[in-house]
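Structure 1 and structure 2, given next as structure tokens, are two forms of the same protein chain, each shown alone.
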Structure 1
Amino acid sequence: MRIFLSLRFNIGLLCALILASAAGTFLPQSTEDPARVEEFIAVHPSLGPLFRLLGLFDLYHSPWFLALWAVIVLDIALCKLSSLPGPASDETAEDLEEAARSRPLSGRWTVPDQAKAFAAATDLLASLGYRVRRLATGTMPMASSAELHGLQAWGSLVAHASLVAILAGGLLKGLFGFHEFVAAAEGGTAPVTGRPGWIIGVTDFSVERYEDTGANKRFTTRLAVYEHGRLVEEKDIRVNDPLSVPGLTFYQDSWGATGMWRSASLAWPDRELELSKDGPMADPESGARFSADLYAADFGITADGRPDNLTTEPRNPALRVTESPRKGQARTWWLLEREPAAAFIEDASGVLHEAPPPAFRLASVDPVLFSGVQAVHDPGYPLVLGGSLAWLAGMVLNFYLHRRRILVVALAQPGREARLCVGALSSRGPAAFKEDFDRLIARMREVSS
């Protein structure tokens, strides 16, 4: 048990937590970006497998990190319990007088009558709002302890208990919770692997943009949650407006294009042609047949000249269109919706070649979008929430209340004058209480003489 109370052990635990958290910050985590983890392992063939074996790519769920977390929770609890005061001892009045004199602020003077002076001093403290408690000594009960803003003493205990609750909540999440990214296309569904039998469905998805810049303003998902085929809940979710069901919360995370398209059209100066996903469409004017298959939301070209989709957000939408004229060889075009003057021909090997734009252009394309949702099960959330509120209460008690403790002892011995001894402690130090204490002593002298 002593090792938990050791300062060196506590510093070692703190350093271990800092180093582990740093590793989790700088190394990619499989729960957030599994592609980057595989890329890291490919680039570092010696370190990558070792890091994976140590659980560094899923640090916050690794057994050793959870064990470290549990030890820290236990350590904080034991340290605070060891600092709680023990049972009061039976002290004599002389012992209490020495205790009062040894306090940072103290005063002592003779009085004509021990009992009257003691009663006057304690009554004065009570009238000033102090909570006065009579102390029974081994000889004569002429000692009292007075306290103002005693709740401040609970601040440290509440703060430490709340820290234990927060850490315990995090430990529960690491042991029994999960955080999963689920993507579903419009009109489609996707399973929640962390909860077998649960599926989400995206009934509808919409994106609002600013009129002046075209930047994304808000995106909304009409999300339906099913448990073994039964509809549990359906709601429009947005960023910071999740859908919550017992045990699970679904947050709007991201969105993008799936690579599929719903409708598209080609345009000539004098006509348009609607394309079909079911097969080629003939242009009545030229007799050529047109079909489209691949959609790129953010069209780009790789270093070896092949088409690429840079991101899932439709920043530079493009469509691959095959033109089959009545006579001549078919050609495969990549047409850009927002840049009609740019066009590329794809050869049989999949390499792009820049070419003069054809007589037609890509007039419009309506992509099938997906909604990315974070499914979170956090059994420790109530503890973390309650602990956070309690920590705030503890900080208020610690820093906004000025706790003052005063010990009053009256002594009368045969052949000696009666005397009154007063000692004080302040949670903010003697300097913050000295002026008030001096005024208090002056009034006590007045009422006790």
Structure 2
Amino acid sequence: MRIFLSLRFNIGLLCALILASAAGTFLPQSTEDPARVEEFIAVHPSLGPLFRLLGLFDLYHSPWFLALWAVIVLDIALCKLSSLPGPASDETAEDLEEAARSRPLSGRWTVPDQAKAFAAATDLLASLGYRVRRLATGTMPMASSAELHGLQAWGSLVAHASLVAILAGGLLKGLFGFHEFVAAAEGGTAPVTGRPGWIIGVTDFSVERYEDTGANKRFTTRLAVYEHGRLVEEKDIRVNDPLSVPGLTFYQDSWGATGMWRSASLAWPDRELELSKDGPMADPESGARFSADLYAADFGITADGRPDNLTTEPRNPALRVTESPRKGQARTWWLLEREPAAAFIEDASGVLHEAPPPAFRLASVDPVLFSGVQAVHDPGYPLVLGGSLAWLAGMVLNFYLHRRRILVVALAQPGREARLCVGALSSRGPAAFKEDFDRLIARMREVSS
């Protein structure tokens, strides 16, 4: 228990969190790029397996990293419970005058009348907005504790408690929520495996791009959500504009090409031929028959010479077209929409061979796109949101409020003049309050004499 209250231990925990978090940004993470993890292991055959064993390739979800967070939460809870704000110890001190004098800022002077001076001093504090509380000291001496912006004392507690709430929100999502990527082709449906019986349907999908950079401008999915075949909700969703149904929210995440196509055409210098998905189409001029099957959105070639689709974005669209001439052998072409001068022939074993371009080219191809949606059930989010607001409140209280506590003690001295003793504490340190305190003492002297 004592170790949790030690500042050195707390700082050690924070440093461990800093180092672990930083390590995860330099090492490849399997959740982001599994291929890079495998590459790292291949390049570092001795370190790689060790790192894998330590969970460094999925660092932020590794048991030891989660355990570190758990210890931090426990540490915060214990530290804050042991230091709940309460009355200052000197307010209950037997020797109140000594308590006032020992404060970092203090003043002491004689007054003609103990009761009048005490009342004037406390009235002045009250008029300045201080919350004045008479200390139960009997009749002698008279003492009051005055406080301005006392809420500041709760700032640290609120801020730390809010951190626990935010982390608890994350834990709730981990335990009872789910986060699932669901992709459905245009006009198609896909199940939400985390919610049996629920499916999404992409009724329509559209994408717009900036002309100058080719970057995504906007993509919209007409999304329908079904529960056991019953339509629950339908809406156009975009990034930043999700669809929510009770207990589940669907966020627009990504899009890409499915590998299927809707329509395509071949062109000769003097004619065009529309291809069909249902079967080969004959070119009336040459008598050859043409059919197409595979679509690659971002055509590439693997190291062993086979066709590859590098990404799902249509950066280098290509179509596999089979040409069956009236006489001779059929040939399988890969034709690139944006590079008509390039063409490849695929042999029976699936290997590509560069070939002079045929007499025809791929004039157009309209791919079937898919819409990627994140289906999320996050029961912890309200806690995270509430914790965030509490954090904001805690920070404002802690750093932007200036808590000042003043102890006023009036003593009657037999046979001599009475004495007024004032001591002050400031949440920002004595230097930040000194000027104001000196002015306050000057006014107190004025009103008490």
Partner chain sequence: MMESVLFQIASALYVAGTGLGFVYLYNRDERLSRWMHNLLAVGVVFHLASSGIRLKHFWDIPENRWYLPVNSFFGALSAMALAITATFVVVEGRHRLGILGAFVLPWACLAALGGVFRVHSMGDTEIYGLAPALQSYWMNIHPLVIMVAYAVFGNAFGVGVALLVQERQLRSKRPQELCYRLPSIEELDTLNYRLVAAGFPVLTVGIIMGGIWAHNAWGRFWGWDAKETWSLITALVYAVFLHQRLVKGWRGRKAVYTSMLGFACVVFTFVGVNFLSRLHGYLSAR
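Residue 1 is the first residue of structure 1, and the numbers go on in sequence order from there. Given the structure is predicted, the values throughout are model-derived calculations rather than measurements. Think of the rigid core as the biggest set of C-alphas that the two forms share within 1.5 Å after superposition.
Between the two isolated copies of the chain, the form predicted together with the partner chain corresponds to structure 2. Residue 12 is among the residues whose C-alpha shifts by 2 Å or more between structures 1 and 2 once the rigid core is aligned. The two forms, fitted on the rigid core, differ between structures 1 and 2 by 2 Å or more at the CA of residue 60.
Residue 27 is among the residues whose C-alpha shifts by 2 Å or more between structures 1 and 2 once the rigid core is aligned.
Core-superposed comparison between structures 1 and 2: residue 38 shows a Cα shift of 8.4 Å.
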